[in-house]
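Only one chain comes next, encoded as C-alpha cells, the form predicted alone.
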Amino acid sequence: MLRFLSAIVFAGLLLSGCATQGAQEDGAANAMHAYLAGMPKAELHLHLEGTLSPETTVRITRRNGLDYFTTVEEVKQSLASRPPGLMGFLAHHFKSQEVMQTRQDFYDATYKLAETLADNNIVYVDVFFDPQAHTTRGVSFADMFEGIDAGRVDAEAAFGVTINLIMCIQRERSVESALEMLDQAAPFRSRIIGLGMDSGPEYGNPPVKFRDVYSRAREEGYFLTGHHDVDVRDSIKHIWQSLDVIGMDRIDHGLNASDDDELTKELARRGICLTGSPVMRSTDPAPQDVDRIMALDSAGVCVSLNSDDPEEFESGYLTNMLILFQGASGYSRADMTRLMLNAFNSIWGTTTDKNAYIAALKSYAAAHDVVWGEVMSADDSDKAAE
C-alpha cells in the first residue's frame, strides 16, 4: 500500500514538474516572440505586386470592373491551388498583379503596404516593382510610378517608414524591352534607388543576358541587384556572373551559394549581402532554406531575412517570418539581432542614416539584455576593437 501511495505521489510530482517546464518553455517562447515583434527592422526584398491582400485585390478588381478575383475566396483558392516551384508561384502572381490598372490602384497598394510594415516595426524597406508587367498591358510608366511614389511619400509621413524603390527587369523579356524601361524611367531617375531582376524562368535567362542594361544602369547611378532563386539550374554559375560580370551590389536569394565553398568564401570576402527569404507555404513543414541560411551565416556571409511576397505565402510579413525562422533554427536573440544588423548594414543609404538605424537596434538589444559582442560576427568584433 505504501509503495502504491508513493508511486501516486511521485507521479503527481512528475506531472507537476512537466507542467512547470512546459510553462517555462511557453514563457521563453512568448518572450522571444515579443522581442522579435518589437525589434526595429529593415527589409531589403519585398515585391509590391506580392503585397496585395485578398481584400485589397477584390476592392481594386471591382473598382476596375474585372471579371476575376471578384471574391476573397476566389483569391485564396488561386493561392491554394498553385503548383510547387517558381513557375507555379508566378502563375498566380502574374494574374494578381494585373488587377492594378490606374494610378490610384498603385497608390492604394503602396500606402496599405506601408501601414502593414509599420505594424511590423519596419523602419526601412526597399520595395521592388515590375514596370514591364504593367506597361505591356497599356498602363503608362508615369501613371504606375507616380501612383507608387505618391503612396510612398504620403505613407512615410503617416507611418514613419522610409521606403526606397527598386525597378526590376523581367528576365524572360528581351534586352530591348529592358533598355526601353530604362528610357521610360529616366524622368523619375532620382526617385528610384536601384535596378533589380526578377520573374522567370531563370534558366535560359542568365544575368549576362542583361550585361548592357546593367552597365548602363550603373552609369546612370543605380545600385544593382538581381534574383537568384533557390535550386534553379545553373544557380551557382549565375551568382558568379552577377559578381564578376555584372558587379551587383547585393544578391537576392542566392542561397545555393552554400553548396559551393569557393563561392561562399568569396561572398564573405567581398561583404556581399544575400537577401534570403525563408518563406513557408501551407504544405511546408517549416520555413524553406533554414539550413542554408544558417550555414552561410556560420561561414561569415552576410544574410538578411525578408518576406518576399508576404500576401502570397503563409509565412506572411516579416515579424511572423522571423518568429517562424527562429523556431526552426533555434537561434538566440543575439543571432536574430545579427541577421537584422546585416540588413541595416546593407542599406543603400548614407553612413549617417545607417549608423542611426544601427544605434537604435543596438539600444533595443541592450534594453533586452542582449550582449552586442554576441551579435557581431568575429570579423566585426575585430574591426570594432581596432
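Quick caveat, the model's predicted, so the values are computed rather than measured. The first residue of the sequence shown is number 1, and the count goes up from there.
What comes next is about the form predicted together with a small molecule, which is not displayed.
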Item to check | Contact of residue 333 with the small molecule in the model of the complex (heavy atom, 4.5 Å) | outcome: no
Checklist entry - Within a 4.5 Å heavy atom cut-off, is residue 289 in contact with the small molecule in the model of the complex? => result no
Checklist entry - Does residue 311 make contact with the small molecule in the model of the complex, using a 4.5 Å heavy atom cut-off? => result no
Checklist entry - residue 338 near the small molecule in the model of the complex, any heavy atom under 4.5 Å? => result no
Item to check | in the model of the complex, the one of 299, 90, 243, 179 near the small molecule [non-hydrogen atom within 4.5 angstroms] | outcome: 90
Checklist entry - Which one, 238, 253, 250, 152, lies within 4.5 Å of the small molecule in the model of the complex by heavy atoms? => result 253
Item to check | Stretch in contact, per heavy atom within 4.5 angstroms of the small molecule in the model of the complex, of 98-106, 192-200, 68-76, 257-265 | outcome: 192-200
